[in-house]
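Take a look at this single chain, the form predicted on its own, given in structure tokens.
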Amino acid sequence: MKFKSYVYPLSLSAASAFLANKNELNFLNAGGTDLLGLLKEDIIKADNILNLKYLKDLKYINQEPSGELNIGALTSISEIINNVFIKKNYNVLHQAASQIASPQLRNIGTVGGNLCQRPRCNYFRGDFNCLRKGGDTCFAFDGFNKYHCIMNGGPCFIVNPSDLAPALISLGAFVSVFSNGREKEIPLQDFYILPSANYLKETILEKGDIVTKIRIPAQPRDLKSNYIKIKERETWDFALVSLAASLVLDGKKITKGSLVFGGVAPAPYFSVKGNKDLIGLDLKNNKAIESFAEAFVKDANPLSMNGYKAIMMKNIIIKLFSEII
């Protein structure tokens, strides 16, 4: 792991300008739980590392009078878990944060880092010149693809590893990005890029761009939300399949809401038609729920070793509905 210097910018503008240097490969370090591994394994090369620890203005959780919630990008995962307001009003976010890694890593890892982490594909992380690293082959397609995507894959078949992203997207969250001296805000759902659009990138971020905050709009008082994560190991692990749900019910019927999957696609999986069909679904009607779950996963296109994920998607929908009412 070699690089020229370890830089501590004192302002967001200075960090962005340094990061944007076209003649050098410079990377941001927040918690470092992903970046350091990428550097140690020579998956990425860096000229300089920018540590953001002194940018205290990016570390906060603020509840606004309007009811919206703003979270700075350098807020730790543990701070999300320990925040009483989030635990009481945003169960889906609290549950997602609680299931990230280990307590030690949650103390270090940040919200921005979790949203921007690179894929965990064995070929991308291994000694393979795969498509995402500039090669001409996605080795997962014909190789060991047990953990790869079954939705929106091709020509690369990674899955997005974030736990926070599905939860936040289900809440209609927005992400702010500092770029060229100005800050822009976009729906978090639009922050991610599918391989069909650009197989070398996972997000819209360009050189010099820095994620600064997450904004969650005010939610209905009767919001019901939950996050279910299926892992291969009982100890901390990345999701085989996860599901975030934010719903509003009238009795047992859904009047508003969204389901967002993790672990099944290169970006958090949001089905426009599937979420439209949520409206009016009666959670007392088991047959209707079964039909909804089957329709939600009908576009799955498994590889040779991961067809089990489609079955898990269907079953996790049914499980979540039974637990949320």
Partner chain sequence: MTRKLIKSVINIENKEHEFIGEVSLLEQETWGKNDTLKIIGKEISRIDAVDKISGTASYTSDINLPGQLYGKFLRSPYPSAKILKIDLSKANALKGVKHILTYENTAKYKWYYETSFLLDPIVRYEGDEVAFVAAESEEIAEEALKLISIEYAKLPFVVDTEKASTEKNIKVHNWGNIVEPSEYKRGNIETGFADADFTIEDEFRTSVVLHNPTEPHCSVVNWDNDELVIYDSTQAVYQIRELAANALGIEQEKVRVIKKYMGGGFGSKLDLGKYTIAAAIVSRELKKPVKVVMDRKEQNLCVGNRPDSIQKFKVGIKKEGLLTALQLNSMGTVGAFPEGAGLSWPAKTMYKCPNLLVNEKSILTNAGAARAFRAPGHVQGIFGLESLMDECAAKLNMNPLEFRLKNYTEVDPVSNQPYTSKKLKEAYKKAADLIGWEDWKAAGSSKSVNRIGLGMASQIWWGGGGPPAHANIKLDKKGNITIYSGTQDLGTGTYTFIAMVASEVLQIPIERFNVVIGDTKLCPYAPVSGGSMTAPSVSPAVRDAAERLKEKLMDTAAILFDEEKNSIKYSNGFCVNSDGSKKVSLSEIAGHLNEQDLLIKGSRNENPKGYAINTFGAQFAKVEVDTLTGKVTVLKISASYDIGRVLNKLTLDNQIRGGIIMGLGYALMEERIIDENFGKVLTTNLHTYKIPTMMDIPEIVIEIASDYDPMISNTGVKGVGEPAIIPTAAAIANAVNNALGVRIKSLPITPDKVLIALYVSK
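Positions refer to the first chain, counted from 1. Computed from a prediction, not measured in an experiment: that's the story for all the values here.
Omitted from view is the form predicted together with its partner chain, to which the following refers.
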Which among 72 to 80, 173 to 181, 245 to 253, 120 to 128 is in contact with its partner chain in the predicted bound form, heavy atoms within 4.5 angstroms?
-> 120 to 128
Counting only heavy atoms and a 4.5 Å cut-off, does its partner chain in the predicted bound form sit next to every one of 146, 235 and 240?
-> yes
Using a 4.5 Å heavy atom cut-off, state whether residue 215 contacts its partner chain in the predicted bound form.
-> no
Using a 4.5 Å heavy atom cut-off, state whether residue 308 contacts its partner chain in the predicted bound form.
-> yes
Check whether residue 224 has any heavy atom within 4.5 Å of a heavy atom of its partner chain in the predicted bound form, and answer yes or no.
-> no
Residue 57: heavy atom within 4.5 Å of its partner chain in the predicted bound form?
-> no
The one residue among 301, 21, 315, 13 placing a heavy atom within 4.5 Å of its partner chain in the predicted bound form is 315
Looking at 108, 230, 194, 205, which has any heavy atom no more than 4.5 Å from its partner chain in the predicted bound form?
-> 230
